[in-house]
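Quick setup: one chain, the form predicted on its own, written in structure tokens, and binding and motion questions come after.
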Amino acid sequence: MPIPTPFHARTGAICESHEWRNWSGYLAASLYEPTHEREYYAIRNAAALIDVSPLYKYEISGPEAERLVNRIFTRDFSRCAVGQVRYTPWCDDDGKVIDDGTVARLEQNKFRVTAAEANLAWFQDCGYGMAVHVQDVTAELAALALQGPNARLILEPILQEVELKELKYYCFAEGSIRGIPLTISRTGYTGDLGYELWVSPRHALDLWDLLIERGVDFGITPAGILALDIARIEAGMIMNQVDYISSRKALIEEQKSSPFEIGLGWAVDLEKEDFVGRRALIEERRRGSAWRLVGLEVDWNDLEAVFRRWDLTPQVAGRASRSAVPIYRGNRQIGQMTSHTFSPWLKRYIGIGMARSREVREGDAVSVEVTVEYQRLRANAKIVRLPFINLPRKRA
């Protein structure tokens, strides 16, 4: 049975929808109001406060901590300075992705990892015989994501010991808010300007109250998973067990993916010292990848025509879908659209998917499956570059 996060005394009291999800064993609000629209627009137009405490969190410390993180992760952490955060996947021996997440260098010999799935045993196995300590600190850290264009305006007057204008994208700093010690990182899962605040659970409710009090004039709005899902699709961000399957949970080899196939080839450093999966990835780089991550934009006029057969308007606005549907070229399936949604920002129906790398190029015309009145039909679509939105304020 899911357990409450450290913020549940506040989130539970305002969750009018009474709709919750099991996120890594914790209760996470799907949405707080009867619909998620206001929560989504808070991300893009004001500020959204999102409880991300269920993320798995691990600390790797000891004299050989850097050696271990370089062995586990595909990026080179010898070039990661204290105070920096790196997004990275990690693989099995065959170069297939187990999970992806962030790694923050807290000290010279101490790192903190966030992950979507439980990875403690894997990290400990990889560090067997090394002078390192791997610890699960998930329950020791509460976390809030403050995302949106007003996030900085809310935090600047109350955050002490940190100059937000100097905090670069994917960096973190230690500070406090009215006596509450915390770590603040310039990170998020929305593709917008945003920060994540990491705090001891005993200070969680006080921090929530302070942010709500300070943010009331800036449109601060608690937001749930549904709004976050739309924002992350617009930003072209993948999700474990949705856009790819962890190699540890795949039932057959064909369900596994490499970093190159899920759009994370840029986060693979094949020139660094040996890491888990390196030899397999070198071979894949030589021969080419079978699949590739793609963006899809569904033709709205064609979508209307499909629904018009039943005298309906397109029934696609609302919640994002995590149900995969086929991608076709002609009458042949060449992939699947794994996450799709109507984008309120772009006013288009968009999706993230996987397609056979030799079958698609940017700008290609394809079609995707659409179910109308229990019948599986097709609507025309186009392969487009990810991300769908790339807001300058995200890195500003």
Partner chain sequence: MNHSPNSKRYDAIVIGAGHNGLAAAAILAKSGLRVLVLERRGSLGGAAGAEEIFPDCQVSMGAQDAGLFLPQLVTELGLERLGLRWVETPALTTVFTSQGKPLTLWRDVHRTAQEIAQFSARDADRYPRFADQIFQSSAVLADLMTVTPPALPELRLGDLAVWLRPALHARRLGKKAFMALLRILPMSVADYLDEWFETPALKAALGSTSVIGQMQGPRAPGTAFLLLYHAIHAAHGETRSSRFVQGGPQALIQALTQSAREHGAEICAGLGVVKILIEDGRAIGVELENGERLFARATLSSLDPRRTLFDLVGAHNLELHVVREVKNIRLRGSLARLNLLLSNLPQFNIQASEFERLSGHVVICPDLDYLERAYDDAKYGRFSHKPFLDIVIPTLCDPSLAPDGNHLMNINVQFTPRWLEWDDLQRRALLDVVLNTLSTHVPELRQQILDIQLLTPLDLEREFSLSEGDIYQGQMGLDQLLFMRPIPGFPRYKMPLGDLYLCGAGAHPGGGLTGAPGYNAARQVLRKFSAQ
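This one's a predicted model, so the numbers in the text were calculated from it and none came from an experiment. Residue numbers count along the first chain shown, from 1.
Missing here is the form predicted in complex with its partner chain; even so, the following discussion is about that form.
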Considering Lys272, His203, Arg214, Arg71, which brings a non-hydrogen atom within 4.5 Å of its partner chain in the predicted complex? Arg71
With its partner chain left out of view, which of Glu163, Asp125, Glu107, Glu140 would have a heavy atom within 4.5 Å of it in the predicted complex? Asp125
is_contact(Ala173, its partner chain) in the predicted complex, heavy atom dist at most 4.5 Å: no
My question is simply whether Arg44 lines the interface with its partner chain in the predicted complex - judged by any non-hydrogen atom within 4.5 Å. no
Please determine whether Arg67 contacts its partner chain in the predicted complex, using a 4.5 Å cut-off between heavy atoms. yes
I'd like to know whether Arg279 contacts its partner chain in the predicted complex, with contact meaning heavy atoms within 4.5 angstroms. yes
Which one of these stretches, 80-88, 176-184, 126-134, 195-203, sits within 4.5 Å of its partner chain in the predicted complex when only heavy atoms are counted? 126-134
Near its partner chain in the predicted complex, with a heavy atom at 4.5 Å or closer, the residues from 89-115 are Asp93
